[in-house]
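First, one chain by itself: the form predicted alone, in structure tokens.
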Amino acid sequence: MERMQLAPGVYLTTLPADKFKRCRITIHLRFPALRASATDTAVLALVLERGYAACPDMTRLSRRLAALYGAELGVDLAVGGVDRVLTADICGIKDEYALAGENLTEAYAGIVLGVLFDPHLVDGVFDPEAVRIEKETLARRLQAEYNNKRLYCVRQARRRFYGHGPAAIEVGGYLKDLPAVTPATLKAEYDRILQSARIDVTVQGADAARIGELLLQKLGGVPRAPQPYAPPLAMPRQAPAHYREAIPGLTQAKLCMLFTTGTPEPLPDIHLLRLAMCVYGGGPTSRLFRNVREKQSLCYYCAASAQSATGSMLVDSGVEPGGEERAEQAILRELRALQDTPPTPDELEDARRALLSGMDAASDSLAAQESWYYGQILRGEEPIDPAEAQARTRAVTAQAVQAELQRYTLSVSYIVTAGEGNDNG
């Protein structure tokens, strides 16, 4: 891996792709999240994927991609710590496989750079028809949240846990804010993102130097003031708050529990954090799966995950209506047991083998390889290859896992179950 700075807040990373016949260009824009424009950001990601100035509609863009031997384009909006990350990527065959000797690198770069830095505008703002269509798309997605009760329960718990803090801003925006989204507000949000974003470009199997040149040309006329990454945060420790929401006709209740460390500092080693989550609730050998699901039959599923940037751990579970409190107590007992006594050698090694196996797959595709390295950049780590990560994972001790799990205390428990009436006090 080679990484270099092209300009303030602009970085170019080159990854090997010798074993692949395809190449990939990925551009990440990481920028501060704002509650006031969160819905504009969500709509913007959808609009950008429809086309750009040289291919201003989806039909022409699809034809252009098909002409490039079926190249694939994607635009995505995700969370990076407390920030937002707008990503555009394109993947297609390498230059040496072009039948007529076409310069595919140049063509791919033109598309992905065009999508992010040369969008299709009408009278200086985004195309009103495209905005109207994608507002309807986002409205359907937001309305569908209620129908996915697992996702709904998790988001309801997160809203109670984070309150009005920056980590509470919904990446998908807000249904009530959609009427206020216009082509002009979308353009204002786009301008804010270009000005404030830190830009990371990853090139695999293509001419990285040329792509860097083209990127700097696009940025030449853009006023830039890249913002630092949002610092880690954590919700303070508090007495656990319990919420219950009853929905008539529900056949499977949902339980979501959020735990806090009280402080994100010091940030845990990611290999330790992953192993701790795997031991507690990250797979079929974990305590939650073996004891809560299999031995006690208290749930259909039960999984734990952690986010180092917010000092939080989430456990979500599907249970029989009426069995939510028993499942919650069993989940807490398993955590207390690991806080009191380190995991056994067998369960530590079972979890370790699962993680090591996953790292073996980190170079199986261009997308997996890019995700591996950019994930580390997002967390502010010095990027290392999977082999080094495996060595560090092997070095994690049972006592370190115990100490990491000792940091967490329950903060919010949210239940969605069958019945009438709510108790959200």
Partner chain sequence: MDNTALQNKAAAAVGCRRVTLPSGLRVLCRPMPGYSTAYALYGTAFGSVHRDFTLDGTPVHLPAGTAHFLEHKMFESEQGDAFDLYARTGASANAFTSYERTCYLFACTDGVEQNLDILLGVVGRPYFTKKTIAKEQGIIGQEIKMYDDNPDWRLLTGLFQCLYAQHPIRDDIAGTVESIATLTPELLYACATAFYRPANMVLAVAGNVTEEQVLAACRRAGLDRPAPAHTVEYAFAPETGPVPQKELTFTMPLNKPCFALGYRVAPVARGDAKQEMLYDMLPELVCGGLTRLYRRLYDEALVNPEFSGEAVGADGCCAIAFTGESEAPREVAALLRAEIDRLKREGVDRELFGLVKNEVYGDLIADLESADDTAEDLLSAELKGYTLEEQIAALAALAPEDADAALRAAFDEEQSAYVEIQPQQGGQA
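Positions refer to the first chain, counted from 1. Because the structure is a prediction, the values reported are computed rather than measured. Each form is matched to the other, and the largest set of C-alpha atoms that superpose within 1.5 Å is called the rigid core.
The same protein also has a form predicted together with its partner chain, omitted here; what follows describes it.
S.K.: Would its partner chain in the predicted complex be within 4.5 angstroms of a non-hydrogen atom of every residue among 178, 181 and 324?
M.R.: Not one of the three qualifies.
S.K.: With its partner chain left out of view, which of 124, 266, 223, 248 would have a heavy atom within 4.5 Å of it in the predicted complex?
M.R.: Answer to the contact question: 248.
S.K.: So which of 152, 174, 229, 243 reaches within 4.5 angstroms of its partner chain in the predicted complex, heavy atom to heavy atom?
M.R.: Comparing distances to its partner chain in the predicted complex, the residue within 4.5 Å is 152.
S.K.: Which one of these stretches, 27 to 35, 377 to 385, 395 to 403, 364 to 372, sits within 4.5 Å of its partner chain in the predicted complex when only heavy atoms are counted?
M.R.: Going by heavy atoms within 4.5 Å, the stretch is 364 to 372.
S.K.: Is the gap between residue 329 and its partner chain in the predicted complex 4.5 Å or less for some heavy atom pair?
M.R.: No.
S.K.: With the cut-off set at 4.5 Å between non-hydrogen atoms, does residue 333 touch its partner chain in the predicted complex?
M.R.: Answer no; every heavy atom of residue 333 is more than 4.5 Å from its partner chain in the predicted complex.
S.K.: Answer yes if any heavy atom of residue 337 is within 4.5 Å of a heavy atom of its partner chain in the predicted complex; otherwise answer no.
M.R.: Taking the distances in the predicted complex, the answer for residue 337 is no, it never comes within 4.5 Å of its partner chain.
S.K.: Could you confirm whether residue 134 comes within 4.5 Å of its partner chain in the predicted complex, counting heavy atoms only?
M.R.: Yes - in the predicted complex, heavy atoms of residue 134 and its partner chain come within 4.5 Å of each other.
S.K.: Residue by residue through 53 to 81, which ones have a non-hydrogen atom no more than 4.5 angstroms from its partner chain in the predicted complex?
M.R.: Sequence-ordered list: 57, 58, 59, 62, 63, 66, 67, 69, 70, 72.
S.K.: So that I can tell if residue 325 moves, could you say whether its C-alpha shifts by at least 2 Å between this form and the one not shown after the core superposition?
M.R.: No, the C-alpha position differs by under 2 Å between this form and the one not shown.
S.K.: Once both forms sit on the same rigid core, is the C-alpha displacement of residue 62 at or above 2 Å between this form and the one not shown?
M.R.: Yes, because once the rigid core is superposed, the C-alpha of residue 62 moves 2 Å or more between this form and the one not shown.
S.K.: Rigid core fitted, is the C-alpha displacement of residue 191 between this form and the one not shown 2 Å or more?
M.R.: Shift at residue 191: below 2 Å after core fit.
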